[in-house]
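Below sits a lone chain in structure tokens, taken as the form predicted on its own.
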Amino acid sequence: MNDHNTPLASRIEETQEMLERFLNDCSDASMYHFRIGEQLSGMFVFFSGLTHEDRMDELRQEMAGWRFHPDNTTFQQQFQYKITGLCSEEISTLEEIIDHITTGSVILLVDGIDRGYAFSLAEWRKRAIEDPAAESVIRGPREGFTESMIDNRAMLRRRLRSQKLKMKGIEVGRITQSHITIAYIEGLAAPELVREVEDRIAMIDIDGVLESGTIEEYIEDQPYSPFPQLLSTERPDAAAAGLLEGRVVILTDNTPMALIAPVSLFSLLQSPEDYYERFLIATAIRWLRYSFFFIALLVPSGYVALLTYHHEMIPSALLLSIAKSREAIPFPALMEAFMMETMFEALREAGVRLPKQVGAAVSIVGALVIGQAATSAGLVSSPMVMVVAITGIASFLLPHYSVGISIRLLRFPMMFLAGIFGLLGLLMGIIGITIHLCSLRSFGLPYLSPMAPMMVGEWTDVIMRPPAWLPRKRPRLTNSGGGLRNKSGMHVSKLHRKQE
């Protein structure tokens, strides 16, 4: 029989020997002996750092003061009567001890009793709830998910105070046994979508899961696509909004990043702040974001194509100015663009990896200094520096990092096609990306919905940010969804006058 499934011995010494063999070289495993009253001896088994040791000491002091009287029952029977209701669970095998102490519980073993008693005293150091660094907003909640699953679930539950909010738990990882929570709203999320998410996660067979990115790679529909097929966020309000639309939220223990499925390209281009600002302002900013999405992808390759093959399309005054600035440049436009884009991306990554106090200064000052030095040395032209700067700023407007990095990656093959074939190559690249986006699915949801396939009734929340008081339908996800989010369809002031 495997040692894990060995029943506990009635004598503490025998159980301790089994535990010491199994927990060999585990220096953080603690076994603390103490007296229970004057007649019994007990032992706490726990991992240091995972347990609230002050509460454990209070429990020990309480049991040390217990009194047992000689009568028709044994001291062990009297103890079992007293302990009833204090412990969270009785355990009988070595495997159960290990399962409990690795999650922060304390196991009590008593001499003469062939079972243990688990106490839920888990407590470990964790990061305080803070403003999400990567998804900051001007107006909106200032709290983000943390590495604690308990805190993350509580933040969702606090926003959605309904028994319809369901949270299913599952463990992934043969060694880490990481806790995964699948959250959805019963009646809004399609049952087949929930089952699909559960089935995909249950099929993951891996040693360990340390971050939600591992889960994302395993369950996304098209792993070779540069575009994200799940939305990662550390904002509880964004996760709650996704749940209200019938989506599924996946929480992973020990990481602040939650996954939302399914998603479309247009939902990835929306910011939580769009729904906190007034709808006219939010609509204008959304249009600006859409425009700069295309600028970030197409401007460098368009500049290379025009400069290399299509001089006639550039106004004469501008063409003369560009020609003058490129008079001493030894590289063709394609090579110049590759050099500058690569340097810009390197500076941006350096700014991210460096300490926060110096990261921003290095990325901004470095770009200015290198750009000015390269222009003065005659390696690149001033218009190219402007093009790279504009596309860099455009990529910063994208609200989610995963979308921004995809566009930054696609800029390079687009520049290559434009440098070889001109505007024909640029058109080929656009057609290729469009075909790829049309073929993508996120848990059955077309990636370009509601534009392709056409769902005219759902265009409102794509083209503009409609007023909150207008009737709006929930997005249709995997043949489900729909239904009105609000039913009045009238501003409160008008509704009040109507009632009067």
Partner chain sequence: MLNGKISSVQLAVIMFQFVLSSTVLLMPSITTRLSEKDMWLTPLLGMGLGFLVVWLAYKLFKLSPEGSIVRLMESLFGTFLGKIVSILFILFQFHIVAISTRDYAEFIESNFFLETPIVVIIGTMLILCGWAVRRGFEVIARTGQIFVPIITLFTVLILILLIPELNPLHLLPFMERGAGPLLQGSLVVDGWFSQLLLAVYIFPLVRDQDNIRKWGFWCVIGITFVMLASNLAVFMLVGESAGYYTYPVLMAARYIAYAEFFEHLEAIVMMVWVLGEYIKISVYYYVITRGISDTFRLKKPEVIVMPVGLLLLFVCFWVGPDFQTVSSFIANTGTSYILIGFVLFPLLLCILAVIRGWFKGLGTSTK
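Positions refer to the first chain, counted from 1. Being a predicted model, the structure only gives us computed values, none of them experimental.
The same protein also has a form predicted together with its partner chain, omitted here; what follows describes it.
Colleague: Considering only heavy atoms, tell me if residue 64 and its partner chain come within 4.5 Å of each other in the predicted bound form.
Modeller: Result no; residue 64 lies far from its partner chain in the predicted bound form.
Colleague: With heavy atoms only and a cut-off of 4.5 Å, decide whether residue 29 touches its partner chain in the predicted bound form.
Modeller: Looking in the predicted bound form, residue contacts with its partner chain do not include residue 29, since no heavy atom lies within 4.5 Å.
Colleague: Taking heavy atoms and a 4.5 Å cut-off, does residue 436 contact its partner chain in the predicted bound form?
Modeller: It does: once its partner chain is placed as it appears in the predicted bound form, residue 436 has a heavy atom within 4.5 Å of it.
Colleague: Give a yes/no on whether residue 222 approaches its partner chain to within 4.5 Å in the predicted bound form, heavy atoms considered.
Modeller: Flag for residue 222 set to yes.
Colleague: Using a 4.5 Å cut on heavy atoms, which of 129, 299, 350, 428 is close to its partner chain in the predicted bound form?
Modeller: Flagged contact: 428.
Colleague: Which of these residues, 366, 404, 422, 173, gets a heavy atom within 4.5 Å of its partner chain in the predicted bound form?
Modeller: Flagged contact: 422.
Colleague: Which one of these stretches, 36-44, 441-449, 52-60, 462-470, sits within 4.5 Å of its partner chain in the predicted bound form when only heavy atoms are counted?
Modeller: Result for this chain: 441-449.
Colleague: Taking its partner chain as it sits in the predicted bound form, which residues of 293-313 have a non-hydrogen atom within 4.5 Å of it? Please list them.
Modeller: In sequence order, 309, 310, 312, 313 come within 4.5 Å of the partner.
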